[in-house]
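This document opens with one chain alone, in structure tokens, the form predicted on its own.
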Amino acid sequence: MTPATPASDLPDRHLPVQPPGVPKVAVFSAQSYDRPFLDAANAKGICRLRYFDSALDADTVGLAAGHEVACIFVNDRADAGVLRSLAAGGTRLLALRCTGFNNVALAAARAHGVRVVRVSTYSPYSVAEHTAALLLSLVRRIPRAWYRTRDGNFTLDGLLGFDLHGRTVAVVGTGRIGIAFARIMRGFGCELLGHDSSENPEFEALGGRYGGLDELLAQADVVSLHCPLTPQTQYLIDARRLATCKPGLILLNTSRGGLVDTAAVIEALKSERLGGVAIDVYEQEADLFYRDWSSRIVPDDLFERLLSFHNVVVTGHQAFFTHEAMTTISRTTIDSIGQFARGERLSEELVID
């Protein structure tokens, strides 16, 4: 039986008719907090926004029929079949409200004549600062201490942390976010190691030294992932690499869940090879994040097992979530749609080889 369509996802037959040239936009995965930012960015009526609670996938793609633009977020699925359906329904532009595009079949988009834009940069500080917050929460046992003090327990047993000053931090991916995080770590007095397919002079100016990933993992006290998810970076952190990492390594991931083999991480936590893990992303997060599971059983045994470790801190893909970042994301998205409507060059277009 086909599930009932949420009321907010039903076509709105009472919206005023828009003048010619104003594209209709189907906004998927539209949370309550997305709408004010997008509405503010669209104050001049560049496009006609129709919000859908549902994520884009093969079951919901029909909601985009008749919309020239589909606007999606990180856990929407724009695979070859979905793109074929989008194109058949009249969609000619796919606008991503994010930087990563691993959820889009770019070759299929080109084949079906669907152009793709993204938000190439918004606020690198939002993700970098959240990463630093996760690191401090983990190494200073802040979540555990918070729970204790709420119960009137002010003992310090089990709360011993360590100084970041003088520790070696490896930054994997030294683009805007990686550089912003490296600056924060340099402020703490950390030694910096870096790994990237393209070396960044800004990282070296901070005193950072580049090296191979295996070398970094063997030397670093903390490794932080800030690279995109591609076929080449899938499971960048796997069982083999974890077996050779420095004992007690702290692993941070605020980029994409698929960079890390969760099952291998669990085994490394059990053997105490890893000293702790702090993540804002998870490889199967599309079925979990941005939903309220508090009154239901979380159906992911691997994720639940990960949460059972006292030295694991998890947030639900919120590192980007600041006022500054949301404002820039919305403005960039609406600007791209405006360029599309006017037939201009799309400054944020993904070049599809």
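The first residue of the sequence shown is number 1, and the count goes up from there. These figures come from a predicted structure and were not determined experimentally.
What follows is about the form predicted in complex with a small molecule, which we do not show.
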The small molecule in the model of the complex: contacting segment from 314-322, 26-34, 59-67, 294-302, heavy atom within 4.5 Å
314-322
Between 196, 79, 191, 238, only one gets a heavy atom within 4.5 angstroms of the small molecule in the model of the complex; which residue is that?
196
Considering the small molecule in the model of the complex, which of 258, 208, 276, 175 comes within 4.5 Å of it through any heavy atom?
175
The small molecule contact in the model of the complex: residue 251, any heavy atom under 4.5 Å:
no
Wondering, does residue 127 line up within 4.5 Å of the small molecule in the model of the complex on heavy atoms?
yes
Indicate whether residue 228 is a 4.5 Å heavy atom neighbour of the small molecule in the model of the complex.
yes
Though only this chain appears here, would residue 262 touch the small molecule in the model of the complex if you measure heavy atom gaps against 4.5 Å?
no
Since the partner isn't included here, can you check whether the small molecule sits close to all of 99, 122 and 233 in the model of the complex (heavy atom within 4.5 Å for each)?
yes
